[in-house]
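Form predicted on its own, single chain, as structure tokens, below.
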């Protein structure tokens, strides 16, 4: 496989990065903590850029791209730690009215789960429940839950739901299986973005922070940390890009194996790089004012989406 981006792919990635820098800079992202992570105006702007319709045919109002291109977009959304149920609304576009246009915010949850934790409930218009029988649509006003007082990621608020309605069937078992593979790959792409962003953040700080009259980046111990971070990010990049290509063209490999591998490797890279970035920042890395901890918290959350690392490791072992 050739993982070098062509001209169109590079332009797509750069365009999304510029959009995120302008509309979801870190100051803006921090301000969204008080609105369940979702600002309706910016949500519609995401829709206007085509984020939710990347893989829908143009005839249906989408962009008509493949998962390969969607991976590049979600990598940039992860890099900017854009909050909200972006992945859920992307998957739901074409199935749930209003998801494509951004007029309705759609979340998702897997069943069975104990306890049932629903993300962004206060901001949702609808929830898609994924289980082995298919996809089920539940209106948000039919769901009641107890908010979690201090969620790990302040931009991913949680509610514990004791009684989840059955919902309206909008997809069968094959749709649920497809969502799980595609969702795992796109969550891995967001984790890849976090892994890359923390490399940049840690490296920039190591060049500026001085100790004993020298930038800390000149010390061998810090160099080793940064080198390991870069290696993890690039290995994850290869795995995630390969998964996108494989799901677009199954003739090049096993889509399930590619998806499991991408989620496992990207999850490990996102979490390990988040921890390492905090370590490079030293005591400052633990403070609210420094952004390093925000990437780690989001990585922990994304690692649980469509299966934790342990789940994907077991799936990979079963395929060997």
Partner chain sequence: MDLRYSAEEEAFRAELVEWLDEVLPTVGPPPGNQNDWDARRAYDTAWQRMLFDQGYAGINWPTEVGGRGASPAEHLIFLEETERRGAPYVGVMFVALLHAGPTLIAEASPEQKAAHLPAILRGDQVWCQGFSEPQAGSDLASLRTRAVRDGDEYVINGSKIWTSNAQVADYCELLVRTDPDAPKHKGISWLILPMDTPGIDIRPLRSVPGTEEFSEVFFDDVRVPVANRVGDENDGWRVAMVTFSFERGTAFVSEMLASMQLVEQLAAAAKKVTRGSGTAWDDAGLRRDIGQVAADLDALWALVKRNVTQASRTGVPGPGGSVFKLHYSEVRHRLGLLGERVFERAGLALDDVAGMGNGPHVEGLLHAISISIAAGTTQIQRNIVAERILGLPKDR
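Numbering follows the first chain given and starts at 1. As the structure is a computational prediction, the values presented were derived from the model and not from experiment.
The next section is about a form of this same protein that is not shown, the form predicted in complex with its partner chain.
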Taking its partner chain as it sits in the predicted complex, is residue 68 near enough to touch it, meaning that at least one heavy atom pair lies within 4.5 angstroms?
yes
Is residue 268 one of the residues lying within 4.5 Å of its partner chain in the predicted complex, judged by heavy atom distances?
yes
Do residue 72 and its partner chain come within 4.5 Å of each other in the predicted complex, heavy atoms counted?
yes
At the 4.5 Å heavy atom threshold, is residue 37 in contact with its partner chain in the predicted complex?
no
Let me test this: is every residue among 25, 28 and 122 within 4.5 Å of its partner chain in the predicted complex, going by heavy atom positions?
no
The listed residue (235, 117, 140, 170) that reaches within 4.5 Å of its partner chain in the predicted complex by any heavy atom is 235
Of the options 218, 101, 144, 211, which one has a non-hydrogen atom that comes within 4.5 Å of its partner chain in the predicted complex?
218
Given 28 to 36, 43 to 51, 248 to 256, 288 to 296, the stretch touching its partner chain in the predicted complex at heavy atoms within 4.5 Å is 248 to 256
Going through 200 to 229 from first to last, which residues have a non-hydrogen atom within 4.5 Å of its partner chain in the predicted complex?
203, 206, 207, 215, 217, 218, 220, 223, 224, 226, 227, 228
